[in-house]
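This document opens with one chain alone, in structure tokens, the form predicted on its own.
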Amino acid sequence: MTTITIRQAPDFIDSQVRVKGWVEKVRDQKSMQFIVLRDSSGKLQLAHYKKGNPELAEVISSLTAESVIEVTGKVVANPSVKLGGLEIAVEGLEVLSKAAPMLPIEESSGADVRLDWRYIDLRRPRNRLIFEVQTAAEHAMREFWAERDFIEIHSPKLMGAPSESGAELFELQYFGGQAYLAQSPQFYKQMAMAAGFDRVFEIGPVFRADPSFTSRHATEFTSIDVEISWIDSHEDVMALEEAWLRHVLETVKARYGERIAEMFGVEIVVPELPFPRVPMAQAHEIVAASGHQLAENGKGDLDPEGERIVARYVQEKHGHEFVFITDYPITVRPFYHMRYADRPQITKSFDLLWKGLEITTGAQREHRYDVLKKQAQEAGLSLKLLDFYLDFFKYGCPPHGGYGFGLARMLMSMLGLKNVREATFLFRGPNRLEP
């Protein structure tokens, strides 16, 4: 007897098969019993005539939702069945794992309760699709990089010095000393440039001790990082990223576009190239014209509402979901971002917004040792702590730049999700360390 998945059932009509999955629903009628069985590939109706096997009927009557069962029977075509026009006439059934009778979550459960019981919530086909899309997107990213001779690196997540700034750091004891969880692989991406690797990428966890409770922040998330050498400006980095994203979205749309539209009501739009660019000075003008007041302590940055305003402006004017905000002031950028020679208060940097949500920060980096050292001093950073990093630039380092990209935020924008928690396998925030 052949063991099949639910998706394979149409290929086995009039055949005896074995299928395994979760019990989604049981309808126990006077003479017939019906089970909706679910596995990772879909749903299927099982039918049993009670008088045919009274003992089996008792087993089916006792089934609880989400119990795991193994069923044997014949695949039968039945046009009246809504689940694919076929069903399995049950001949045998074994309960592999019986679920407790009262599930701890239901359709109306709130987000925190669902996170408490994340493994059950992830069984929903809608949630599974999020991570199928994530898998396809990452495969497309790697495909793009492999075709362009990128090298994958895995940088350490325990560091002896901050990788971004003194804020938002998780500190821990390290054999009598002090260490930090990596906020990004930034320093090590740049080390790879000094090593002559030319083009690198990393997909891995990063940690931010950020007490934010917003829909887009997490204390641990998966970051996608890219760095490339021999660039002329941050424009080269933006051109790489937009081509990469176009390839990713083409791949996801071809494979999952119809299911995404069905499950999330969202159309995957493959973007035209190039993406619009809006310098920060112009972005401030757009925000001011809308009547929105940016906070004075923003130091020249945009707040989330300002980002949404600029994104709407670009959508209306250019019909584009993406926009690069460029030329950030040094007050809101790390010391290692390169500055314009004729505008030393402005960095050669950018953020990428998608549907009004920031998903990327990138820049051309400062590769000249003396200039980098001076910028670190101006930022008030300890050169002693940065010795290992500054050493990367002492013995020749090519002009380079790159970007960091939040994987969960990408999924949030792509699928129209309301919260980054939905796009994270297991979310970590200020009040959540379990499950």
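A quick note: this is a predicted structure, and the numbers were derived from the prediction, not measured. In case it trips you up, residue 1 is the first one in the sequence shown, and so on.
Omitted from view is the form predicted together with the RNA, to which the following refers.
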Self-check item: Segment that reaches the RNA in the predicted bound form - one of 211 to 219, 242 to 250, 125 to 133, 149 to 157, heavy atoms within 4.5 Å
Solution: 211 to 219
Practice problem: Go through 338, 310, 359, 193 and name the one with a heavy atom inside 4.5 Å of the RNA in the predicted bound form. | Solution: 359
Quiz prompt | Sole residue of 38, 373, 409, 367 within 4.5 Å of the RNA in the predicted bound form, by heavy atom | solution = 409
Quiz item: At the 4.5 Å heavy atom threshold, is residue 120 in contact with the RNA in the predicted bound form?
Solution: no
Quiz prompt | Heavy atom of residue 106 within 4.5 Å of the RNA in the predicted bound form | solution = yes
Practice problem: Tell me, yes or no, whether residue 198 is in contact with the RNA in the predicted bound form, where a contact means a heavy atom of each within 4.5 Å. | Solution: no
Practice problem: Although the RNA is absent from this view, report whether residue 394 comes within 4.5 Å of it in the predicted bound form, heavy atoms only. | Solution: no
Practice problem: Given the RNA in the predicted bound form, answer whether the residues 42, 235 and 329 all have a heavy atom inside 4.5 Å of it. | Solution: no
Quiz item: Using a 4.5 Å cut-off on heavy atoms, what residues in 249 to 265 are near the RNA in the predicted bound form?
Solution: none
